[in-house]
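Next up: just one chain, as structure tokens, the form predicted alone.
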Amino acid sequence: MSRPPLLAPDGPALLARLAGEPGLRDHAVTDGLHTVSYAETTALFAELDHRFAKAGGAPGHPLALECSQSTAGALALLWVLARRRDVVLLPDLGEASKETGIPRFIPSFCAHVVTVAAARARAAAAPMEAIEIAVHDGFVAEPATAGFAGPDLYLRTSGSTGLPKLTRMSHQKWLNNALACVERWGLTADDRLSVPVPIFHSYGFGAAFLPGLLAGTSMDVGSGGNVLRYLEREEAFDPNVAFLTPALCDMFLTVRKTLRPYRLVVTAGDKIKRETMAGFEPRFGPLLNLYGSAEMGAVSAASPTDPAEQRLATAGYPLAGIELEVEETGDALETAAGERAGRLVCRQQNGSAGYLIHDGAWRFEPRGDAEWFGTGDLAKIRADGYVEILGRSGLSVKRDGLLVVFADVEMAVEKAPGIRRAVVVAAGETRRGPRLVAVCLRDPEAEPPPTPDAIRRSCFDLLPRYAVPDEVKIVEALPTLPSGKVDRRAIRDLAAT
């Protein structure tokens, strides 16, 4: 087995190593339609350099990269790292915005726009033909983007509330954080990574794509969130490590009928449900929770050697160089002996430098590296150092004077027959306190179909009366944000109608 690197090199050194080291040159990134080996990147980067120079404009300013889940998208990301570009990493909304109504978002401080067409839209074309570099017509030189040694990478936050907001973190800090993931999971160049989660998002980029590069692995980025496409790519690529969402894990269980062991499967975004782990692990291998954010990167993660019950109940333990504490809130959280519960705060030297916020113009809101960062989550830190995420601190209310964490209610609702996913929101008031509405995604194959009354009745056996939803709505689909997370603001609007 090839051992992981001992140090996180910078972007240019990393790509030079991948392209030049004999044992890694033939390792590649693929989407099933096109494959680019690390050895080929040197010539392809030179062509992108030529296109960039030919585009003209102001080369010393950040560029926006609209990145599809494809070999071309991965190639553009590699070029950004190799050439130390300041970059805003965005989903490709050029075509999707016409269908979804989501406006295209190119920050005004970006001097260039790099667009990457979806691979299947250009199946006959080479990856380089899917990449276009153009001057940004709306470019405005903003002082908020100056003053850092860089290069920096900007990620848009989830977008559920507030003004446009971007986190700012250097390439090197992302690489350092990714190295901690390599060490936690024991990734080596012999691993083959399946990365269906978006590589323009903090999870897919920071916890999957970058660790895969640092370890020198081959990666498949082509299946997206489509489980049938994933199974097709799985057969062709033969991965032994996968990065999935909990929803994709559930679909995997429903569709895949045969055994197919992985060395490990990492999941992030939501807690693993007990039913998911019970069905998944005997057939597909260890399922590991990851916890992180665009501000901090990967924060805590389980290890493949952790017992299954520990991996189910917790988000693992802090990665190297990260400190976690909880601030006692005084809320009605029950704490076991030796455990502390409250709002989770994080400190690490490799965290974000701060935010860019747009309120008429872009301004930088700094955050010192030594400062404790409030994650916005309620958590317990157990006596053994493992972290149990209870839910968002903003996703909880008091009813009858007692704390109700939405995540607990959602887990109870999801135990009802025929329910695939539940999202709980507060909409209106009752005599107990805020009115709770559970918006449920039903399983289309469930017989008999679930009813709101039956779902609500099942909650009385699992929840205290004050935590039972006042209303249940069943929907065919849940609205989502570009990051893939559910859009709770849209769901609140739905619950209020």
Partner chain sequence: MQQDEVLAGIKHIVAEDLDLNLAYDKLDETTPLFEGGLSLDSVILVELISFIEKRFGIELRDDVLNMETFRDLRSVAQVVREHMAQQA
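Residue numbers count along the first chain shown, from 1. Since the structure is predicted, the reported quantities are computational estimates derived from the model, not experimental observations. Think of the rigid core as the biggest set of C-alphas that the two forms share within 1.5 Å after superposition.
Below, we refer to the form predicted in complex with the partner chain, which is not included among the displayed structures.
- For the partner chain in the predicted bound form, the listed stretch (451-459, 66-74, 46-54, 22-30) containing residues with heavy atoms inside 4.5 Å is 451-459.
- In the predicted bound form, no residue of the candidate spot (I106, A111 and D306) has a heavy atom lying within 4.5 Å of the partner chain.
- Interface residue among P286, P246, G225, P91 relative to the partner chain in the predicted bound form, by the heavy atom within 4.5 Å criterion: G225.
- The partner is absent here, but in the predicted bound form a heavy atom of R256, alone among K415, R256, R274, R83, sits within 4.5 Å of the partner chain.
- At least one heavy atom of E232 is located within 4.5 Å of the partner chain in the predicted bound form.
- Although the partner is absent here, H61 sits far enough away that none of its heavy atoms falls within 4.5 Å of the partner chain in the predicted bound form.
- At a distance threshold of 4.5 angstroms between non-hydrogen atoms, E132 is out of contact with the partner chain in the predicted bound form.
- The partner chain in the predicted bound form comes within 4.5 Å of a heavy atom belonging to R432.
- After superposition on the rigid core, the Cα atom of R51 is displaced by less than 2 Å between this form and the one not shown.
- After superposition on the rigid core, the Cα atom of L463 is displaced by 2 Å or more between this form and the one not shown.
- After superposition on the rigid core, the Cα atom of H61 is displaced by less than 2 Å between this form and the one not shown.
- Panel note: the distance between the CA atoms of E429 and L378 is smaller in the predicted bound form than in this form, the difference being 3 Å or more.
- The gap between the Cα atoms of A467 and L378 is larger in the predicted bound form, by no less than 3 Å, than in this form.
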